[in-house]
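Listed next as structure tokens is one chain, alone, in the form predicted on its own.
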């Protein structure tokens, strides 16, 4: 759970979006996009966040970075409280440069009317990473080479590049301000499999070269598992499990994690024996289930699962699970 000495620490963070009312005296409803999320990220670590679409992964990242204001909870960076970046302008500028985000759609995050060289150089100048345009251009061309692009692409526009090249440009733009912590929001989900492997290897090499810390968001557990040291599993706005890479296949994982693991593709034509097929869709985030968020689709659900929400429990050192299966009291009663 949250570590007081971590680079990033999130405590009980929630984000609710109000639903438009259709009648004047109708009670206000909210979308529970992120609810009571707590975790920490140590310097030099890669934390993977995985879950189905609609589980709140991207909203969590945007709330941490104050791109979306939080409803409640706190965020700490290097021990300093930065919730919603309610600090002075200069301090906010410093924090923005140290925490960067690589978005899912690289084309939508680039100005189509701006040459990529200018899109990368301007943040350098604005954040004091370069003292002149000539110095910014030189650093930009060097960074383009680092990610496998030719320096000559400096004067080209976003529409002239493929999806993989645009994602590399997005990586360069994030690196331009010399960050310490990078959020990668579905950064390879829109790429071909071969290009995915290239970009993932690039992330690993950049991590060592620039001493980076990653929060890597994805819905494909095989991809997240490849790059992550620890994995956080989300479902319907809640954290279901936090576990290390080696503990992902242990017997004490959450049933939802077991379903995700069983869906990992295997290089074999033999039929899958342990494939877990979840029935139904994710429940409404406006009216989430009373007990466990996963109880309506869980293949191991018990009567208490629909009535009482389970607590986060440490079932092994560094392995936390939100499930009644691992409650000692429930186990004794059964």
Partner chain sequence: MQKRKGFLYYFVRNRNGMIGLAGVLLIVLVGTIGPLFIPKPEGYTMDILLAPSSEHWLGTDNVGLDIFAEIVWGARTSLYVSILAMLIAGVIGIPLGLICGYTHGILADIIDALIDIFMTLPMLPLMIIMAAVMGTSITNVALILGIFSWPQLARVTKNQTLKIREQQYIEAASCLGISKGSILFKHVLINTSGPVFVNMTLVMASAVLTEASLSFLGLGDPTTWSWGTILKRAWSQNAVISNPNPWWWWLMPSLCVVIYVVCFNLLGTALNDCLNPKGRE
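Numbering follows the first chain given and starts at 1. Please read all numbers here as calculations on a predicted model, not as lab measurements.
Another form exists, predicted together with the partner chain; not displayed. Remarks below refer to it.
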Output flag, 100, 103 and 126 jointly within 4.5 Å of the partner chain in the predicted bound form, heavy atom basis: yes
Touches the partner chain in the predicted bound form: residue 90 (any heavy atom, 4.5 Å): no
4.5 Å heavy atom contact, residue 108 and the partner chain in the predicted bound form: yes
Contact test in the predicted bound form: residue 67 vs the partner chain, heavy atoms, 4.5 Å: yes
Partner contact for residue 138 in the predicted bound form: the partner chain, 4.5 angstroms, heavy atom: no
Single option in 219, 252, 96, 207 placed near the partner chain in the predicted bound form, where near means a heavy atom within 4.5 Å: 96
Selected contact from 80, 160, 142, 246, since only one has a non-hydrogen atom within 4.5 angstroms of the partner chain in the predicted bound form: 160
Option from 208-216, 126-134, 195-203, 254-262 whose residues, in the predicted bound form, bring a heavy atom within 4.5 Å of the partner chain: 126-134
Within 112-129, the residues that have a heavy atom no more than 4.5 Å from the partner chain in the predicted bound form: 112, 113, 114, 122, 123, 126, 127
